[in-house]
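Shown next as structure tokens: one chain only, the form predicted on its own.
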């Protein structure tokens, strides 16, 4: 017997099915891109670099800081990173140590020479600015896949490359962001650009990376990173030089107890 209700329900189901499948595939594809990018960068072991941090206020005035970076790859967990300030004199000896994790809060310690004290950064306060820059403490850890859920948006040109554009939504507690939109190039998974949206879902900051160079015939690193805060008008430029890979640094170079003597 002909049942018009069943037919109508069947038609609606068929019409909605592509939308449901697309939503599922968009999330899955976003996750697959994130996993592929993470896998592509595995195996570098460690690297050191020098960095010039240029702070710019809303009037365009600038100040600079000279920083040394050490990063250690950790199997089964996030990277360990040590940033040591060499100039100017008022921040010389300041050191930030980060142990990145997945869904667990990153462990971070900051040594301030003026106080002669190592301060542990509270996981609730990591959306705050790092040393007066437009980078937050949570921006400084390695971006582990587990930290986010994902959704693929589209493919489009990004400079000379073609990029995947994906959304990533923080899954860890106390993030200062509701989401990030990331541009990742299709060839070597270089992170070219990220838009950061604040807790009010407004566009807060944009990170742009450029001047990429390849090391060890595989690993790509940017020569310049710029973070612009759209609400305050402030900006921070990071200029990276002297990348050295597989230098032999180890866990003993990343101990919070040794931050006062970091070199």
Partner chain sequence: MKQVLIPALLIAWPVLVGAQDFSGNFAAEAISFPNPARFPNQLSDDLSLSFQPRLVGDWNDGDDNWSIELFMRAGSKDENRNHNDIRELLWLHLSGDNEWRVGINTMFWGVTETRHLVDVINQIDLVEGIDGEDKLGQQMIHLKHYQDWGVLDFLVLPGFRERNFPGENGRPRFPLVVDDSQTIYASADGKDHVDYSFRFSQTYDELDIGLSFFKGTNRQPELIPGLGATGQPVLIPLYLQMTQYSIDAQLTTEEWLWKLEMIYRDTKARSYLAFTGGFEYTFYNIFDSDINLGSLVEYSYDSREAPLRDIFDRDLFIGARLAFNDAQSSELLAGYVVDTEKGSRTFRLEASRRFGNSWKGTLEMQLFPYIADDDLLIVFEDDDYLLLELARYF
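Numbering follows the first chain given and starts at 1. Throughout, rigid core stands for the largest set of C-alpha atoms superposing within 1.5 Å between the two forms. What you are looking at is a predicted structure, and each value in this text was computed from that prediction instead of being measured.
The same protein also has a form predicted in complex with the partner chain, omitted here; what follows describes it.
Here the chain stands alone, but in the predicted complex its contact with the partner chain, taken as any heavy atom within 4.5 Å, falls in 169-177 among 182-190, 169-177, 151-159, 71-79. Each of 115, 122 and 260 comes within 4.5 Å of the partner chain in the predicted complex, counting any heavy atom. The closest non-hydrogen atom of residue 65 lies within 4.5 Å of the partner chain in the predicted complex. Remark: residue 26 does not count among the residues lining the partner chain in the predicted complex, judged by a heavy atom distance of 4.5 Å or less. For the chain shown alone, residue 143 is not a contact residue for the partner chain in the predicted complex, no non-hydrogen atom being within 4.5 angstroms. In the predicted complex, the partner chain sits beyond 4.5 Å of every heavy atom of residue 209. Annotation for 150-172: no interface residues with the partner chain in the predicted complex [heavy atom within 4.5 Å]. Once the rigid core is used as the reference frame, the Cα position of residue 132 differs between this form and the one not shown by less than 2 Å. Remark: with the core as the superposition reference, the CA shift of residue 159 between this form and the one not shown stays below 2 Å.
In the core-superposed comparison between this form and the one not shown, the C-alpha atom of residue 180 has shifted by less than 2 angstroms.
Relative to this conformation, a decrease of 3 Å or more in the Cα-Cα distance between residue 69 and residue 123 is found in the predicted complex. Contraction of the residue 68-residue 123 CA spacing by 3 Å or more is recorded in the predicted complex, set against this form.
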